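Just the one chain here, the form predicted alone, laid out as structure tokens.
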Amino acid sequence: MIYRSQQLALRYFAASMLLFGVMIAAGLLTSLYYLRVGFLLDVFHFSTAKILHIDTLVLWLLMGFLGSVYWFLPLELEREVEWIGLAQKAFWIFVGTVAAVAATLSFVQYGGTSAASLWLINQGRKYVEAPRWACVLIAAVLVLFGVNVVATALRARRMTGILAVLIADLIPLIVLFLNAFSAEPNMSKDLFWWWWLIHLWVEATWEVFIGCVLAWSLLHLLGASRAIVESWLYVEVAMVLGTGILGLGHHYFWIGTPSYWLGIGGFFSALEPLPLLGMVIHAIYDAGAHRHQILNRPAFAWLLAEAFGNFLGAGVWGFMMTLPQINLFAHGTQWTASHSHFAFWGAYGCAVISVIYLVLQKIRAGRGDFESQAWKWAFALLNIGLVGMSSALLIAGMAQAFYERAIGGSTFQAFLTAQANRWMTEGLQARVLFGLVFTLGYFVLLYDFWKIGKGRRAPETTLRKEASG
């Protein structure tokens, strides 16, 4: 039996994968600008390609998160999600908004400094460039999503630990997004609060959100103990409260804030990924101790990739560049891009893919074995491509930090010298090569999503008809 909210989840996953492809295309295009001077000059601006790459990164993950909750929530509470009809309409509003913004950014590209440009073309704030009308609608979609979750829990009169953490997390998830509408004229103050959106929304509330999704995934994939996953989820909340806000300080180093943020931000920012890693390792150990059988190897492999990718990309890669003594030279170089690629993929991308494999098994193969050869190729190509890109960008970023910053003293001439450095140029060339490997993995992944589990002993799935109340 499939709930209406789970049918909505399938739509969110489909939209998520489509935006994933747009993100990859925009990323490949962006990488070519670094290799060819004047590439698409006066035709398609570099800043526009970069906006499409980064903003679709955020949106495909966010859609994957919403789809995950709409899939797991009715299973958790054994009832349909409240006001599901409104949620279905909100999905199409969300998709239409994203399509309209992408078209505006692609064909108009940039506007003036008037209020009309702010509302209709581009807000001009990095990572939240969408025009204000679009941000208002996205905020409304998030509010409705929160209402769906809370109303369902209230109607069911049942509260689990995972659901309680998710509901508590929805408050900052929605409230922090409102910071996208700030119009602070002082640049230092604007950057100070802007980082509350960028860091705490993506690196704190998202960490807790994906922790809830992982907890549900482990329950369904491994038959893990609820006590184990909920205990680690509580640790995750404590770590976010204890380190997430303090770790925010590593963004404050060079924007005019007091110097005490150098030590606070440098130390605490690397501790956030540890609870998720502990949750997965503990659940796997428990499943092995109780001899639980894993019937979905693709979902299990991607879950492991998430746990260790998060630890390496967000933790190790993040820590080695957030110490202020290093960040002074690494800030704003390709070193930063190396960390962001690895962290977003490890912390969130792999988890969304794992959930999709869980869902596909449910609707196609039931509890039967769920296997193919294509998923192994997709797993290998995507992760090799991602690690290769991150390593290539790390090499290029180190060359920038050494020749442009440490030796050259951050002058314009030093910048030009670093751009011509062999380590820099070959690193950017390797980034394109591994980007193509990653792209190939994306198409193999889509093929596997389309084929895996078909023709097996799938149970008859029907749409639950009961009203949502």
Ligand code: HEM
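Residues carry their position along the shown sequence, with the first being 1. Only a predicted model underlies this, so the values are computations on that prediction, with no experimental measurement involved.
From this point on, the text means the form predicted in complex with the named molecule, which you will not see here.
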query	finding
Among 197-205, 163-171, 142-150, 180-188, the region lying within 4.5 Å of the named molecule in the model of the complex by heavy atom distance	197-205
The named molecule in the model of the complex reached by all of 97, 124 and 132, non-hydrogen atom within 4.5 Å	no
Any non-hydrogen atom of residue 370 within 4.5 angstroms of the named molecule in the model of the complex	no
Proximity of residue 65 to the named molecule in the model of the complex, heavy atoms at 4.5 Å	no
Proximity of residue 255 to the named molecule in the model of the complex, heavy atoms at 4.5 Å	no
4.5 Å heavy atom contact, residue 57 to the named molecule in the model of the complex	yes
Interface residue in the model of the complex among 297, 79, 364, 331, criterion: non-hydrogen atom within 4.5 angstroms of the named molecule	331
Of 394, 224, 239, 321, the one that lies within 4.5 Å of the named molecule in the model of the complex (heavy atoms)	321
Partner contacts for 342-357, taking the named molecule in the model of the complex and a 4.5 Å heavy atom cut-off	343, 344, 345, 347, 348
